[in-house]
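Next up: just one chain, as structure tokens, the form predicted on its own.
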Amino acid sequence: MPNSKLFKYPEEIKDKFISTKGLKFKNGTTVSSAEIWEFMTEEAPRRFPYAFDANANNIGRFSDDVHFLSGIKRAYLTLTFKDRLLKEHAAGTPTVLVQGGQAMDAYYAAGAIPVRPGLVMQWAQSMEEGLNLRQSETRGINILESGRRKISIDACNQISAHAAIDNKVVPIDLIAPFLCLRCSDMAFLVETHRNREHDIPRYMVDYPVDHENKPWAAEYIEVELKELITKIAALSGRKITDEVIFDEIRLENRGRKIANEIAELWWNAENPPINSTDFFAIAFLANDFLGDPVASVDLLEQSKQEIEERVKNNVKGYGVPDDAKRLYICGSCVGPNAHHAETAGAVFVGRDDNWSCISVLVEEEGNPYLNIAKSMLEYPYEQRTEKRAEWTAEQVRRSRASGVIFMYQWGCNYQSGVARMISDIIREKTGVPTTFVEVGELGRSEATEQSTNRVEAFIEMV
């Protein structure tokens, strides 16, 4: 793939971009838009050429909407993730492996940087620089295969993050996921956490799966949260008070509120103001905060201002087709290739995985531990299947979706087990067509032809 066309930001937008606000970070530093521009046009293409590959199959392909300036800043946060994380780790900030489903408030409040398996793999693949897309994918597959040899061929591809840690490709100081949230109960992963060959400390945080009408569930999680924060604080050296935790809750709540406000703006606009890639990135920022909640919330605020201006002027996001079929996406970790879908005449209007956590705010008064516990028990994605499907159906209605695709990863016992049931309930509640697709793309840099063809066929049918 050495001759692949590389994406470039056009020089004609430079002056407008550098006249905008920069970004502020939690350590008090700032980066100007001029510095961001220099990094994204000079340094990043040299260090991370795979990220600039314009191949239509590139799952991580940048948005083509270069006039959505907040999208450039989001790409900057993504590509500087490794640098920022390693710098903070060297200064004593612990990195903690988590899983899908839990809020990040407690981890950041305790002075750590929480990373999900997907971010661990992004980090691991970027540890070797100068790779093109195919070379980056090969590096990721090699890490994945080392995990499969050690654990099982049947394990979900998240095993690659475990292998990256075991092989000391990336430094992790504590393994502390909430178990049985979303994808933590995939085959072999929980036992892999419990039976490690290395000496990294572990604290497996339990989560009662069948928690409906169980008054004790919140208190049960509260006790574990206190122990979790105590263990992280022992690594970070941070003094923890209720006010420290509430400060983090307020900050992350602000990010969640902005993301929800953006969704309402986007859903109700005459034309989608930003394309699928940029829209999905909004929810990701409010979920993971990319190692720095202060910078992520700052960027969310800037994104909202840009989107409001576009809605006011009825500007359609670049790449969004006229009369686009509006697709709602369900399932964990994987999703359809946005560029292919838009080329085929569709736009993505939401995703249950991303929007579940940010749909629930944490109470900002009282007992912070109990408040976080209660919010986790309210996540729509973690309810019994019928209740989760009913919430998703409501999202489908609010987003004015005209079709639903449930996509799940091969090896994911949980999502594969509920895909048909959830799809059927959504179709019954909303009347929109649904389909479900099994893929083997988690951890890949390029989408497979099989999934692309099935998504395009569904768009034609819709």
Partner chain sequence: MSLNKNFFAGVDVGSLAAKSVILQDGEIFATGLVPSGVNSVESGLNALNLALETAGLKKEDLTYIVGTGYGRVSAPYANKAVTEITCHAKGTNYLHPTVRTIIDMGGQDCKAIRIDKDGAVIDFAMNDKCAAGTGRFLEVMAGVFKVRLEDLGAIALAATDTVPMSSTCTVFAESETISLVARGEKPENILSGIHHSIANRIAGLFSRVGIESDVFFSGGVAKNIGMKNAIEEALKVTIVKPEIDPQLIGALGAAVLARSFSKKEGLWA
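Only a predicted model underlies this, so the values are computations on that prediction, with no experimental measurement involved. Residue numbers count along the first chain shown, from 1.
The following text describes the form predicted in complex with the partner chain, which does not appear among the structures shown.
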Sole residue of Ser423, Gln409, Asn58, Ser70 within 4.5 Å of the partner chain in the predicted bound form, by heavy atom:
Ser423
Counting only non-hydrogen atoms, the one stretch of 62-70, 41-49, 431-439, 28-36 within 4.5 angstroms of the partner chain in the predicted bound form is 431-439
Taking the partner chain in the predicted bound form, would Arg427, Asn453 and Phe458 all count as contacting it (heavy atom within 4.5 Å)?
yes
